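Here you get one chain, nothing else, as structure tokens; it is the form predicted alone.
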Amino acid sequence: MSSYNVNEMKSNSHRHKDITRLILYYFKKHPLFFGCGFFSIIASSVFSVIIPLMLRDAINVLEQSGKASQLLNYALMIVGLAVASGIFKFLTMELFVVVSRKIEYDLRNEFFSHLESLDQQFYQNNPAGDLVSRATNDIEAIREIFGPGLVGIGAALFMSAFSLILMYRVDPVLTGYSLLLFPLLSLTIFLLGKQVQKRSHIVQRQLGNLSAFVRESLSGIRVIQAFAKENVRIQRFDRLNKQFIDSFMRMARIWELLIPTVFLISGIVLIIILIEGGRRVIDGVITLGAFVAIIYYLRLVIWPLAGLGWVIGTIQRGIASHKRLREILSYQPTVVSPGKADELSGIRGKLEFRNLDFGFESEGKILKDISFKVKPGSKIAIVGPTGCGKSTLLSLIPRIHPVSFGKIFIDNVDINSLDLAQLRASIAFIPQETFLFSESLYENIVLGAQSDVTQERVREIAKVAELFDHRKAFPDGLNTIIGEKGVTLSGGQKQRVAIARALLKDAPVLVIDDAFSAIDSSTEGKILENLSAFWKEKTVIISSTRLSTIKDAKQIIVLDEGGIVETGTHNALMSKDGLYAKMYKKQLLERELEKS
């Protein structure tokens, strides 16, 4: 389980309410980076805005004296100012790149930790491909707010402010004309920026759909090829890809309209200043050097503002991505540790189910009034027809789903009051559907280990699970790479890896949910014989559709339509001639027919 706790999730949800809070949070977290970064922007801007003053004085000196030699000092000062400005620009980019990557690192860790804390129902409603898109593309878009976004805003703000101040000192009238830029640009950026944000949200959603489809297609490639449905999937991918490209192009058209609009407005203002400035030079109101300085300052104002169009587009895209991220972070897990969790010094494995009901909102009640006890160190079985609720019942023991109606006790303590990590550490759970990671056989088995284990111990466990009955299946032994989701293994081999994984955990409670369904009866018999000594002191709850697997259990609980209809030993249930007996006789008959 992730160490991400409830209090962290609440505080993170609070700071993700809007992008402003998120920015302020990281300003407080990385004050040195942001402080030095903005200082570098200011320093770079100061050195840049002094250059036009030097240029003005140089032109005036040249105009008055006509001696080019006097320009050397001004030339050296201009070069020095340009170098100093360049150095601080480099420092600005370096600082903001580093801090933005740190923020990206934090956001990805936070997002992944939050995903790890969410329950199964969340994943039933949210495709994995879309979540991957949010964890990569959306977080990258948020990072750009803290990198190029803040740099662009800072440069536009400080460069424009300093330039306007010095422009006013050179000539207030021409400065007034240049102020026409700001209301026109503000209106343009506001109107187009809103459209960029709206369309960016659509783009990111389309990208998530595309990612989900690709991931699903690659995972199910064997089924697709087996049914010769490659062309169908390609055509559907083409449609999704076209939808993504079309939505991206609609956003790009708006985004790309920003910069030309900024240049158009700037060009109009520049023409006005050229006409009015030229007239003022001819009339002798200002010098030629002052006029050149004004044009230079206008250039210093225009370029950051032109870049601001792109920056606003980047920020709007980041805001849209932040909304998508916030959608996931706003989900709170329904299964969490209590605020003040009870502690058990050593779990023995005594279990009790008391008046337990359970169901999903969309399906109604799956389990109804389940009550029974399990003594520590005993083996009981849960059986019943397909869909009777066996897997759901077993999944409630480690609280995979929330236990809301009724109680489950372990060693006389309500599992809802136990620390979730301690509860799950005390239970080795083999689910019905085995999931294997695209790593080595060894890494997949030791996933369940509570502490470091040796290769020898893993080999012993693998032998108990009869993993090496066919040596050719694992040419490199425990170091064999088994592919994504164990694609190179058969269904039976996957289940045996899952059994080995659970056994290595060595927990006091072992829950087995139909983990022998894909294993042949001969191998199953060997595994059960190996396990008989292994689980002597453990509480074992096993579910199986193959009744021969569980007939030696001390107690067999028969479910039908979510309720308990029979309990007893194998012999006692056979003598009752009820549902269990009918199921057992039917399986015996099917086995005889297979032999014949």
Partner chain sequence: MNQYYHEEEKLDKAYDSRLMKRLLKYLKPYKKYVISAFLLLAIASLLKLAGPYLVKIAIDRYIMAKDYEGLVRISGIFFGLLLLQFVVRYAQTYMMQLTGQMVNYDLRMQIFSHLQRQNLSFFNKNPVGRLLTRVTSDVQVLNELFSSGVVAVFGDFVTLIGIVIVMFSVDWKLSLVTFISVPFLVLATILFRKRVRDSYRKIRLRIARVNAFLQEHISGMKIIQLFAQERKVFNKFDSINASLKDAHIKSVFYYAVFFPVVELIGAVSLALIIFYGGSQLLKGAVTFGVLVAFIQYAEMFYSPIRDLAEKYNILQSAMASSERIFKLLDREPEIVSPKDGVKPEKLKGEIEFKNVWFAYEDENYVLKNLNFKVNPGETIALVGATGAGKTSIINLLFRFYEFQKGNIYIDGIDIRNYDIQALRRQMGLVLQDVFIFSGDVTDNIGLGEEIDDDEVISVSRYVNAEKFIKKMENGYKSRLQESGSNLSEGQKQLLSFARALAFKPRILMLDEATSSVDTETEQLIQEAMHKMSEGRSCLIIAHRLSTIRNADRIIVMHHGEIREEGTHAQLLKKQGIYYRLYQLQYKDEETEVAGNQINK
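Nothing here was measured: the structure is a model prediction, and the numbers come from that model. Positions refer to the first chain, counted from 1.
Separately, the form predicted together with its partner chain exists; it is not shown, and the next lines address it.
Contact annotation: Tyr25 falls outside 4.5 Å of its partner chain in the model of the complex, judged by heavy atom distances. Using a 4.5 Å cutoff between non-hydrogen atoms, Phe353 does not count as a contact of its partner chain in the model of the complex.
Residue contact with its partner chain in the model of the complex: Glu443 places a heavy atom within 4.5 Å of it. In the model of the complex, Gly339 stays away from its partner chain, with no heavy atom inside 4.5 Å. This chain lacks the partner; the member of Leu329, Ile78, Leu184, Leu166 within 4.5 angstroms of its partner chain in the model of the complex by a non-hydrogen atom is Ile78. Proximity to its partner chain in the model of the complex, defined as a heavy atom within 4.5 Å, singles out one entry of Val173, Leu179, Ile268, Ala161, which is Ile268. Judged by heavy atoms within 4.5 Å of its partner chain in the model of the complex, the contact stretch among the candidates 221 to 229, 321 to 329, 404 to 412, 341 to 349 is 221 to 229. Although its partner chain is not shown here, in the model of the complex the stretch 24 to 60 places heavy atoms of Ile51, Leu55, Ala58, Ile59 within 4.5 Å of it, in sequence order.
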